[in-house]
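Form predicted alone, single chain, as C-alpha cells, below.
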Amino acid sequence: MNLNLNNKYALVCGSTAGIGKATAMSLVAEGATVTLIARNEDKLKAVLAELPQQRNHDYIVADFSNPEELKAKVSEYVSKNHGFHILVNNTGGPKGGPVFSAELDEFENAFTQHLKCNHVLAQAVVPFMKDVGYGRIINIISTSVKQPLDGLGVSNTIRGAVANWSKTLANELGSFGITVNNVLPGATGTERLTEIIKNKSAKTGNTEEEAANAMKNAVPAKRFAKPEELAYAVTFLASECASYINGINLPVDGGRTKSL
C-alpha cells in the first residue's frame, strides 16, 4: 500500500521525543513536509536536523500552557508560509494520582494543554483544509477513553473530554473532506512510561523491573509498544487510504483494553 503523502503539509505537536517524534519521522518517510511544534527550541532544532533536507521542514516554538500564544504563533505561521493538510495533536499527559485527591488547578492545566490547545490548533488549520478539500486531524489520547486507568485520575477525565470534542468535530467537518480520529496508545516506550513505572514501583514497593513486567503481563502481546508502532497508525489515518475512516478511537495497545 502506497500512502503517498507527497505535497502534504503536516503540523506535529510534541514532536521532540516519543510518539510525536516518531510520527514526524514516519510522515516524512511517506513524503510529507513536516512542521514540528514544541516548547524547547534546542530539541526542535535537533529533531529538524535529523529530517531529510530535500523538503522545507520547519518548526514552531510554542508553550501549550498558553493557548492564546499558541494560536497567535500558528496563525502567523500559516499566514506567512502555508496551511496544513494534517494536524497531529499530541501533548504529554498530566501527572498521576487518584482523581479524588487532585487539586482543581490540575484539571484546569490539563484541560488547557489538551482540549483548549487542540481546539485553537484545529481552528487555525481547518480553513485551509476546507479550501483544498483534504484534512486529517489526529489526536493522540489514551486507552483510558475506553477503560479508565488506575492512578491516572486527571488524565482519565481530560482524555474523555478530548475524545468527545473530537467526535463532535468529526461530525461537523466530515462533509468537507476532513476526518478527525483518535489514536489511543497503550503502554509505549516513552519518557511518560518510565515515569509511570517509577510511580508504580514507589507505590507498591516492587522494583521498577517488577513493576514493568507486571504491566507487560497485562498485555496479550507481553511487551510495550514502540513509538514507531503508534506512528504507523497515525500515518495511515493521515493518508488518502483512510478517507472513509472518521470519528473513531483506534487503540494501539497490544490488546490490553478489555472492551471492543
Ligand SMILES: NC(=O)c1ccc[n+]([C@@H]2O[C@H](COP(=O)([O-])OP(=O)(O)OC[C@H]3O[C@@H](n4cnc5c(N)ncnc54)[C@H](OP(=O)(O)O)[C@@H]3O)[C@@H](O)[C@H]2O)c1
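Residue indices: 1-based, along the sequence shown. Owing to the predicted nature of the structure, the values given are computational and were not obtained by experimental measurement.
The same protein has a further form, the form predicted together with this ligand, not shown here; the description that follows concerns it.
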Would you please decide whether E50 lies within 4.5 angstroms of this ligand in the predicted complex, comparing each non-hydrogen atom pair? no
Under a 4.5 Å heavy atom criterion, is S65 part of the interface with this ligand in the predicted complex? yes
Indicate whether T204 is a 4.5 Å heavy atom neighbour of this ligand in the predicted complex. no
Close approach of V88 to this ligand in the predicted complex, 4.5 Å, heavy atom: no
Residue stretch of 183 to 191, 127 to 135, 77 to 85, 163 to 171 approaching this ligand in the predicted complex, non-hydrogen atom distance within 4.5 Å: 183 to 191
In the predicted complex, does each residue in the set T35, K71 and Q123 place a non-hydrogen atom within 4.5 angstroms of this ligand? no
Heavy atom within 4.5 Å of this ligand in the predicted complex - the one residue of R223, K198, K226, R39 that qualifies: R39
Which residues within 1 to 40 place at least one heavy atom within 4.5 Å of this ligand in the predicted complex? G14, S15, T16, A17, G18, I19, G20, A38, R39, N40
